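Read the single chain below, which is given as structure tokens and is the form predicted alone.
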Amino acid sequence: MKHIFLKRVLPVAFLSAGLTGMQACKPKGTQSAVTGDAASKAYVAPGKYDEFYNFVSGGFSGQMSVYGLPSGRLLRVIPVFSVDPEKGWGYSEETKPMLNTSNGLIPWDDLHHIALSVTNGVHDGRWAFGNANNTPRIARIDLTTFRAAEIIEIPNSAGNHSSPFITENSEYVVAGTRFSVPIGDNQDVPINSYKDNFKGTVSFIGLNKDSGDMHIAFQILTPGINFDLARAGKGKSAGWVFFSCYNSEKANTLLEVNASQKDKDFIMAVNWKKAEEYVKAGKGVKKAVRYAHNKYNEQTHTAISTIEKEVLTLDPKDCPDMVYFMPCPKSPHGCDTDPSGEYIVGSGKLAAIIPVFSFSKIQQAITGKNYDGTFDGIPVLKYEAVLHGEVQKTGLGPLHTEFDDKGNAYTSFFVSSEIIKWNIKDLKVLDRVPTYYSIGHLSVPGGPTAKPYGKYVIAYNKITKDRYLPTGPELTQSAQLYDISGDKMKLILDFPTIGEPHYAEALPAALIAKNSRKIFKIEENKNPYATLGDKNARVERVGKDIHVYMTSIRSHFTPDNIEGVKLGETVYFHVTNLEQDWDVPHGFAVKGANNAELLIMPGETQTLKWVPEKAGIFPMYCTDFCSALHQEMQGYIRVSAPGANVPLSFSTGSTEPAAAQPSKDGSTVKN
């Protein structure tokens, strides 16, 4: 009994002790750890550009934010899984389909991790990927526009935490389910039948190498465990993906204790090249599912949502040599591969050491069948046989590891609030610095790739107490920038972040800035409601719908006076921005609309749907400051009672009564 008690209490006691230690290490006030020339190292003069783009997940905000490094300037907030009034994302009729799922419109989700596209294991600056953790989805961001171009839902998944992680040449984005769940036709089962009925999956989402278009190539069924994070191999380990997983106990309640019973859980190693062979050999089984696949077309400026109905699955019991487990102490979280692809670093949240595995030894163990039994029929490789070594005398609560260009690794420690630098080959600890406080992820520019840029490491912290001016019960989330160009790490900057920053990746600005799109060419606008020139502006009645084909250009709308709309009708404002000049968007809003506004880029068409609720005169105006006469960029729309004899009419620059307009439904309209 005593033994069981200790096993159950130990993890909590470990964390409590760590937290106590962490609190003891905190500064008493707001003093800084910055010394010497730190400010000059983070300073970017006005008019000068930063050296790196830093893409940071927004956590519960559902957004992705973009900062310049080393200044920490906020450059852009990209709405991904959330509506965004600043961009009009999710408010216009054209963007609403991007947030569609098999459960309908879900306008808010939880974005945890970032992945940037790579070629030969090196960032290529084409796409960023983000995950929706709650309703499992993967988004692809086009880095020429900094907008979501595609979102795909992942079936047979629950809690999409272990994603999106990308293979060496962007062949696949992988996604492991956080929660195992019943899969198949009968999902109404007792929760306490977890060990019998619950299964996990890892999904391989294929990418078109030119367009980046996504599709779910195949899923692998796994034992009913929880997947946390993942990394693809590179170099000598290309063709493999490594997933950290916990709850090998298969507990279904109070996981804080019950999923920490064993000394070791697993890192799951998947040979995806072998999986491809099984797919080609016809070993996959098509399963009936429902998931949404949403694409945004930059020529029609419109998203289309399609519901897909099947997915190809592979079962390891039918596909030998495809999946292996490696023991990893204890409750593994981080799972990272070094730039060479030889070393895989596991980080057990409750472990006091960092195990480093050798890909070469993994291959030798597989060839020699050096197993330590099986887990649900999947071979478990012997820990000692695949271990390169253990980093000793670290900190409390190792989470994530990134790498520099000098053969060093940097691991974050949540409980002891610090970053530790260590050498990959001899595993000696070289340096440690405190973070303020409770660091989660960390990022080195290029750190997860084959070509790190070892100038900075950025800490993404969970708590900022004492670091910023108070803002009520909740303080800003934050990041901290450390110079790692020398032997010792030096804190040089704090900067606030959007939402809760989880993971981030940074890459040289030169890879993206040169390709940034400035306008959409008006002659290439294929939106079916586009108005290509003021002369084509018009207002049409189609049944109970009023379609306003409107243009915007500094500093007026055409038309800007509209009459004849009747209560009970729905008005669609199709606004085309005729500007062909960089950084001149126009906004559009009408009083009383419960759909706040549009933001229309140069050459683009967006649609606002409005259902008037009372008769009267309603102003409309541009919401984005566009010129010295921006305030004058406005107009009126008149709404009359259902039986009123007010003809549908429109005008711009005329004070005379406008001519009546014909209706497409054949009805006659009289002045």
Partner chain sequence: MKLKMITAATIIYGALLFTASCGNEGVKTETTDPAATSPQELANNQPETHGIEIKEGDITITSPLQKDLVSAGKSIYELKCQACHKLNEEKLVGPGWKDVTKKRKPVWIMNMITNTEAMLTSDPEAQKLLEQCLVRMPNQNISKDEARQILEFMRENDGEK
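Numbering follows the first chain given and starts at 1. Remember, it's a predicted structure, so these values are computed and weren't measured experimentally.
Another form, the form predicted together with the partner chain, is not on view; read the next lines as being about it.
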Quiz item: Exactly one stretch in 180 to 188, 447 to 455, 503 to 511, 368 to 376 has heavy atoms within 4.5 Å of the partner chain in the predicted complex; which is it?
Solution: 503 to 511
Quiz item: Every residue in G533, S555 and D581 with a non-hydrogen atom within 4.5 Å of the partner chain in the predicted complex?
Solution: yes
Quiz item: Even though the partner chain is not shown here, does K518 get within 4.5 Å of it in the predicted complex, heavy atoms only?
Solution: yes
Quiz item: Is Y49 close to the partner chain in the predicted complex, meaning a heavy atom pair under 4.5 Å apart or at it?
Solution: yes
Quiz item: Does any heavy atom of Q634 come within 4.5 Å of a heavy atom of the partner chain in the predicted complex?
Solution: no
Quiz item: Do S627 and the partner chain share at least one heavy atom pair within 4.5 Å in the predicted complex?
Solution: yes
Quiz item: Using a 4.5 Å cut on heavy atoms, which of D210, E523, D426, D321 is close to the partner chain in the predicted complex?
Solution: E523
Quiz prompt | Residues in 353 to 375 with any heavy atom within 4.5 Å of the partner chain in the predicted complex | solution = none
